[in-house]
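In structure tokens, the next block holds one chain alone, the form predicted on its own.
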């Protein structure tokens, strides 16, 4: 069983990755937040500043978003020439401003166009090409249609978040629909979706014993020790508290050094505390009160909350 860390656009950027994985490791690969596919004439190393030159802890898989087969193939080939052996195509982002442009999950209803992308990439580059998708934008039949089209290509693996795009991150995952994907898919398959505890992981792997990998996302931000617990490590609350405090202090100080103004630091940390608040056992109203704070008031409050985490 392999473990992947999910991409979080606007959150799991280079600085966050470097610090997070120096405190909480153990992943077999990390999928980076997407870059837009562009024509060959626009490709240059500086375009990939978040991932190149590579300095993250552990293998990093760049992710591409787009709907033009030629641009995606050119971008994948360029990344391969930069030294990345594996590249992922984003077919899963459910945000309306993206899907209405027929990108990411918005491309899922168009299986023929996805096949054209896969065919072109496989023909033009030796890069290991994987797909990260949802069950579909509107219907789980979309995933089945895509799998029927790509099963015969040398796709490296398929990562499926067991939700529809229209759900975004609400509601529950559809394991029955994912079971149909398991039956249909002849490629290495990775499960993604609502693994927040060791028990969630055990339930998923018991139901789907032939998985190639599992991707952890929001569960790792809510509990950075989740992977260690899944692997059977029992960590005392005091140790969790100490390690989280050190991580949070390291992250805050690095953000303050890197970003040109405090407001940007506060903005970045607020996105993270939408997940971290569970570690500090805040209620939803308490979270909203925290998010209304600004500047030094917010930074002081989060440092104090970190001190209370996991205790």
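Positions refer to the first chain, counted from 1. The structure displayed is predicted, hence computed values, not measured ones.
This protein has a second form, the form predicted together with a small molecule, left out of what is shown; the following refers to that one.
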property	result
In the predicted complex, the residue from 301, 15, 11, 291 that sits within 4.5 Å of the small molecule by heavy atoms	11
Residue among 34, 27, 277, 244 with a heavy atom within 4.5 Å of the small molecule in the predicted complex	34
Partner proximity in the predicted complex: residue 193 to the small molecule, non-hydrogen atom cutoff 4.5 Å	yes
Distance check, residue 305 to the small molecule in the predicted complex, heavy atom within 4.5 Å	no
Heavy atom of residue 75 within 4.5 Å of the small molecule in the predicted complex	no
Partner contact for residue 109 in the predicted complex: the small molecule, 4.5 angstroms, heavy atom	no
Partner-proximal stretch of 121-129, 146-154, 185-193, 201-209 relative to the small molecule in the predicted complex, 4.5 angstroms, heavy atom	185-193
Contact at 63, 169 and 218 by the small molecule in the predicted complex, all three, heavy atom at most 4.5 Å	yes
